[in-house]
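A single chain, nothing else alongside it, follows as structure tokens in the form predicted on its own.
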């Protein structure tokens, strides 16, 4: 039986981070993962992360995965793939199936970072080919370069459903609608807004009645539900689609922890059954730790920090970390984790209907019900001056832990007083129009406006992550926040820069009175 100081189960964000911290402190460390590629969800996440520098904000998920893998390799962490852990016992014996062989390993400490699995929802036709999990669609697109379908309905308006809807659009799919049985958008409003402004409709308080088809889906019918989630007759809506994506939540994969005798609790706010863990990831079983979604569903940024804490705690448990060093490292990571757990989307506020931002601004009802902030509501949040020249328009309307816009601005034009505060403009500093804030915003919620470029026209600079990138001189239409056509538009400039990290900047020329409404561009051939 081969022995390791530390065995980590799962090579996702939490597992890799845990292994790195253990190896840094001299632990002989191995990671087992059942997949053929390491990185877990990170390599499917092509969007930019929220948070601050400490949380790797504005870096795309797959890049973070590459960085973690390189760091782990440099520290001598052994990563064993296509290795399914099928047993974990109280004496920290780990049973692994590798190919046709079943092997036994012994760890002096074990960290379980198995993540979560997608939930399902059942309706007539749910078993037809073409009904898939949103995570499966993401795997097809972002790992294998395969579009899951041509016309897609997304069920679920949480962060997973919203992020994957946008990535489906980027892959060239048509998203016919986003539906959710909940009465309000559950994910970040900026994620919903960037989907809505492309023309995708949202149907809240709606769910699927049935999917139709023969050898695969060819149509789906949804209907409105009442407060008891019962269908309301006469509200049916039928869409011709070839794919239905389900983003209806995640459940922690804590089976191994149960097998090891760890105490498990049913906590709906954390996603279901989760292990009882201390502040450092320690379970009720001696020397066994848990980190990431297996101990409660959160974002990947939180999973990485939980992994780091568990890795340091495992090193301390084995006597590889002196107390002073341990306490300092744990405190630093706990502070970073606490920052991510603030604001409207804090774990302790799940399910709450938040009516006001931390600044006392009434939240957008339109955003929650339709996916976008309407023209009347947006004035509550924006603070752009009417001075000549460039001015950033920041349409971030919720208290999300994020501040890269502040950090990238070379002129300190943007203020974010705490990580979850709404960004505000510094009225004493003039914007140069460099566009770094537009490109760095993970929610694509910042725009640059030059209000008078002559002849009664204005320029609006948008974040743009679609191919092909329109060219200077291209003619088309500008869409508003609701995805409806607001005016004709012409491309003034298309900027590509390594500093923008593939968030291209598209500057469109529109009538000056439409500068506050134009938020997306469709070329003439795509209209």
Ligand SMILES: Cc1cc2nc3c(=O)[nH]c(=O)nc-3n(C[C@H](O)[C@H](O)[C@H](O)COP(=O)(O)OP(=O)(O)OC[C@H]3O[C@@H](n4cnc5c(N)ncnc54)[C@H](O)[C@@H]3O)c2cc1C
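Source: prediction; values computed, not measured. Numbering follows the first chain given and starts at 1.
This protein has a second form, the form predicted in complex with the named molecule, left out of what is shown; the following refers to that one.
Q: Please identify the residue among 282, 339, 299, 395 with any heavy atom within 4.5 Å of the named molecule in the predicted complex.
A: Only one listed residue qualifies here, and that residue is 299.
Q: Consider the chain as shown here, without its partner, and state which of 116, 175, 141, 223 has a heavy atom within 4.5 Å of the named molecule in the predicted complex.
A: Residue within 4.5 Å of the partner: 116.
Q: So if I measure heavy atom distances to the named molecule in the predicted complex, which of the stretches 426 to 434, 204 to 212, 161 to 169, 363 to 371 falls within 4.5 Å?
A: It is 161 to 169 that comes within 4.5 Å of the partner.
Q: Quick one: does residue 19 come within 4.5 Å of the named molecule in the predicted complex, counting heavy atoms only?
A: No.
Q: Verify the contact flag for residue 35: yes if a non-hydrogen atom of it lies within 4.5 Å of a non-hydrogen atom of the named molecule in the predicted complex, no if not.
A: Yes, contact at 4.5 Å.
Q: Consider residue 459 of the chain shown here, and say whether it contacts the named molecule in the predicted complex, taking contact as heavy atoms within 4.5 Å.
A: Looking in the predicted complex, residue contacts with the named molecule do not include residue 459, since no heavy atom lies within 4.5 Å.
Q: State yes or no: in the predicted complex, is some non-hydrogen atom of residue 41 no more than 4.5 angstroms from a non-hydrogen atom of the named molecule?
A: Residue 41: yes, in contact with the named molecule in the predicted complex.
Q: Judged by heavy atom distances of 4.5 Å or less, which residues of 408 to 430 approach the named molecule in the predicted complex?
A: Contacting residues: none.
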